[in-house]
Structure formats: C-alpha cells, structure tokens
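First comes one chain, alone, set out as structure tokens in the form predicted alone.
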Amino acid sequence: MTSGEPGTEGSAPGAARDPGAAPTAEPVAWSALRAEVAACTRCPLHRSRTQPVFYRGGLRPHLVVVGEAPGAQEDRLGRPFVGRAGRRLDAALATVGLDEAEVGLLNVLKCRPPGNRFDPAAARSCRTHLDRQLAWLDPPRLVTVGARALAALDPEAPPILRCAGRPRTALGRPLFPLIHPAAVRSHALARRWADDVDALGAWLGRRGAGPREAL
C-alpha cells in the first residue's frame, strides 16, 4: 500500500466506484471534517502536537483499519501508520491482496500523546471525530490494531492476545482484531502476527499477493 487519498467528489457513502477513475478533490463534507479535526482543541494534546493525524487511504474503502494513536513519524507527516509499524502493516495488507483504494487507515487519537502514552481522556474527546469518520466512510469491514483500538470499538472484547486473529462484530460491522505491529518484537509474536494476517486473508476471501517473509 501507498499513501494516496483518492476520492470522488459528491459521491454518497457506499456508492459504486469506478476503479479506473482518476483521484479528484475531497468531497466537501469530508474536507469539513478534516478541517474540524485540524482546529480541534477539545483536549490538551493539541498543545504538544505538530499537526493532527486524520486519515490515509481510499475514501470508499472496503476495509478501515483503526489504530490507537499517532507516533513521531505520523505527527511529523500528518498521516497515520507511516513509521516502522505502518510499514509492517502495509506489507501485511498487500500480502492479503489489498490495494490502497480498498483500505482506509485512521487512529482513535488524532494527535500524538506525549511519550506515546495512550490517553483515555483524549480518546473520549476524540470519539466524536472517530464516529463521524466511520459513519462517512461506511466501510463493510473493520480491523483494529492493538488493545486500545479494540477496546474503543468493542469494550466487551477479551484481552487482545486471546481474540486477535478471530473475527468479531462491533458497531454493527464485522471486525477483525490484530495485535499492534509495533508489539511484534519476538519470534513468537512475529509468528503470531503472520498467522493472524493469514487468517485475515481468509476472512476477506483473499488468496494473498505476496510471501509471508514480507510481513
């Protein structure tokens, strides 16, 4: 996957897409929501951010990936999942055959928390932004990465290591939890990550498009 943000101006969520259509300007409602997030001062995180981190991907995605919070690279560039963990995630999504127009990526928190410590109070402040993004994008399926992202969408879910790789339902949509790619720091977790990505491909009905080594 790469970091383009194609859209179709004036299209309603869920409208049929022309795969060959060239990217156009963002729809007005989506641009307005982006501007609202950029100007947000609901929690103290706006004081320390370089910029908010809104979204990366297609505007009519088949799948939306919900992460926890931006890191240093994301804060610098203003796009989610562009650091080391993002590269691992992109490789996994490409391996199951997803291209950039089919996937959207965003975070529960729109601003980087100091020390990369997830802030539950900020998450409550950001929740309206998250809900509006998901309502506008209207994806048929969701993927969460990390325990806090899963808890935000499915508060009754078991601990992440028990339920990662096993399909669930949240917010009225099919949901597939993954461990956070940044947590893959051992051989055992690398194997778990690869197995869960394989299960994601099966859940999506994809045969895969690359070697496991790319994960």
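Since the model is a prediction, treat every value here as computed from it, not as a measurement. The numbering used is simple: start at 1 and walk along the sequence shown.
The form predicted together with uracil is left out here; the points below concern that form.
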- Among Arg49, Arg60, Arg168, His180, which has any heavy atom within 4.5 Å of uracil in the model of the complex? His180
- Query: Looking in the model of the complex, any heavy atom of Asn107 within 4.5 Å of uracil?
  - Reply: yes
- Given that the partner is absent here, does Pro113 sit within 4.5 Å of uracil in the model of the complex, heavy atoms only? no
- Task: Flag Leu150 as yes or no: does it have a non-hydrogen atom within 4.5 angstroms of any non-hydrogen atom of uracil in the model of the complex?
- Result: no
- Message: Would you classify Gly71 as touching uracil in the model of the complex, given a 4.5 Å non-hydrogen atom cut-off?
- Response: yes
- Answer among 36-44, 184-192, 157-165, 60-68 for heavy atoms within 4.5 Å of uracil in the model of the complex: the stretch 60-68
